[in-house]
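One chain comes next, on its own, written out as structure tokens in the form predicted on its own.
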């Protein structure tokens, strides 16, 4: 029977292995060992796989915010502030976090499953046998693609979410379209945009790191691939939510 100290030691050992894995990835990037064609391929696949569901989720989120804002703000006689509520909520928190979570569930799961399948089939070992560094060939392009694609998806999410709020504000709350657009533009300052947007790059690194690492550690055949893929997505979501809390506190302390 494993004791508490055995569990702690094993956990610390895994954390050390994960950090060592990240250091190896960063080392390859710093050395400039980046396969541009693979990065473009991964960026296309990750973005295409996630853009539709992110757009649908963002539109619905913006619409729900506007619907709830209509109910609450109408009681206070401040219905004209619906546009500001939607825009600031999406830009500061909802779009970065929701986009990162959906991206980890779609693209992140795919990354782990691909690398995990390669690992259990000894394809990663075969790349080493052929003299190709699997970190350079398989991991670096995927991590960089995450870093490039997630910010673009976040911007799409913010635009589509604001559009969802616009339709509800105009057709449900009877707010003039021009007035709604002006309120949205005047509500958004550079701090509001960058306070949420800067988080996305950190989330992208987390997703790429966790999903690639779990894929590399996969064992146990096809059942192992499913298990490690599920764990990778779960860990990604947990770290996104926890890190978002810390980053929000830091950003609000520095910028307000």
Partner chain sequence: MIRVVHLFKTLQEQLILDDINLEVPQGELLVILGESGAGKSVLLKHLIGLFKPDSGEVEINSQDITKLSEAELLKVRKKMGYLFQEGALYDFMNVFENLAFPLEEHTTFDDQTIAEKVQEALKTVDLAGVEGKYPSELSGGMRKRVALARALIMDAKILLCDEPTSGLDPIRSRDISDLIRSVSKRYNCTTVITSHDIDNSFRIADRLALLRSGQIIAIGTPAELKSSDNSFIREFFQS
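On a predicted model such as this, the values are computed, not experimentally measured, just so you know. Residue numbers count along the first chain shown, from 1.
Beyond what is shown, the protein has a form predicted together with the partner chain; the following relates to that form.
For the candidate spot formed by 175, 181 and 185, no residue has a non-hydrogen atom within 4.5 angstroms of the partner chain in the predicted complex. When contacts are judged by a 4.5 Å heavy atom cut-off, residue 84 does not count as touching the partner chain in the predicted complex. Taking the partner from elsewhere, residue 76 is found to have every heavy atom lying beyond 4.5 Å of the partner chain in the predicted complex. Residue 127 belongs to the set of residues with a heavy atom inside 4.5 Å of the partner chain in the predicted complex. For the chain shown alone, residue 227 is not a contact residue for the partner chain in the predicted complex, no non-hydrogen atom being within 4.5 angstroms. When you look in the predicted complex, the only residue of 170, 159, 118, 102 with a non-hydrogen atom within 4.5 Å of the partner chain is 118. Heavy atoms within 4.5 Å of the partner chain in the predicted complex map, among the stretches 68-76, 84-92, 128-136, 145-153, onto 128-136 alone. Contacts between stretch 29-63 and the partner chain, counted in the predicted complex as any heavy atom lying within 4.5 Å, involve 35, 41, listed in sequence order.
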